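The form predicted alone is given below as one chain in structure tokens.
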């Protein structure tokens, strides 16, 4: 069944990290309604098996489809690496976009002096080689240097973005990059843009090109909806609906602080 332009965009992630995608989509597509699901009961995904992540992702996809979304944005790099094809199959005619494809496309379009791209992500994302594959498809001459930074997700979930612990953790993870001449750095987890200012300060390089997959997928979504004639034509009726699997009050407080707007309600949905 064909989606209607007034239907919402579905976005999901393992926790609060997907709010970086929500914020970018709100900026790129201010007339669109959004349904967001954060799997706060089962975060982090990056240390779980691919089969477990796929099972969780398909449960959430079912939920979003019941909300009659016109598009699904996978705002979790770990899910994109493990379950993209399965989600697309389940979604049928509802288009599915993911942050890895969007981020790789944006990184390949950067100006390149050394033909080297850095990637930071979860253990699962880095271990999958998904960014390397996606980047090579865009530009076979690119070299990719990847580093797993698993502790950044719980730090972000705790709201520890700019303190001594966060800075020390970033130093441990990023020091290897100081010996690598790379043209751009992909923030390969939707929690990581929360540390963008700290990452820029660490490298102290105004020419460093940071690739935020949240901005990339928002631009990709805008282009797709425009081409498919699915842009919302009734902007006065837009809504933002938030659902989580646990801890709604804590999520709401973090979300309002990050998005800079009040959220009327965060509902809990019990996953199987």
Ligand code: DGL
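Positions refer to the first chain, counted from 1. Everything numeric here is computed off the predicted structure, so don't read it as measured data.
Keep in mind that the form predicted in complex with the named molecule is missing from the display, and what follows is about it.
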ask   = Of the residues 166, 106, 153, 199, which one places a heavy atom within 4.5 Å of the named molecule in the predicted bound form?
value = 153
message = Test of understanding: in the predicted bound form, would residue 45 fall inside 4.5 Å of the named molecule by heavy atoms?
response = yes
ask   = Taking 4.5 angstroms as the cut-off for heavy atoms, does residue 82 touch the named molecule in the predicted bound form?
value = no
note = Only one of 158 to 166, 172 to 180, 118 to 126, 134 to 142 sits within 4.5 Å of the named molecule in the predicted bound form by heavy atom distance, namely 118 to 126
task = Residue by residue through 233 to 272, tell me which have a non-hydrogen atom within 4.5 angstroms of the named molecule in the predicted bound form.
result = none
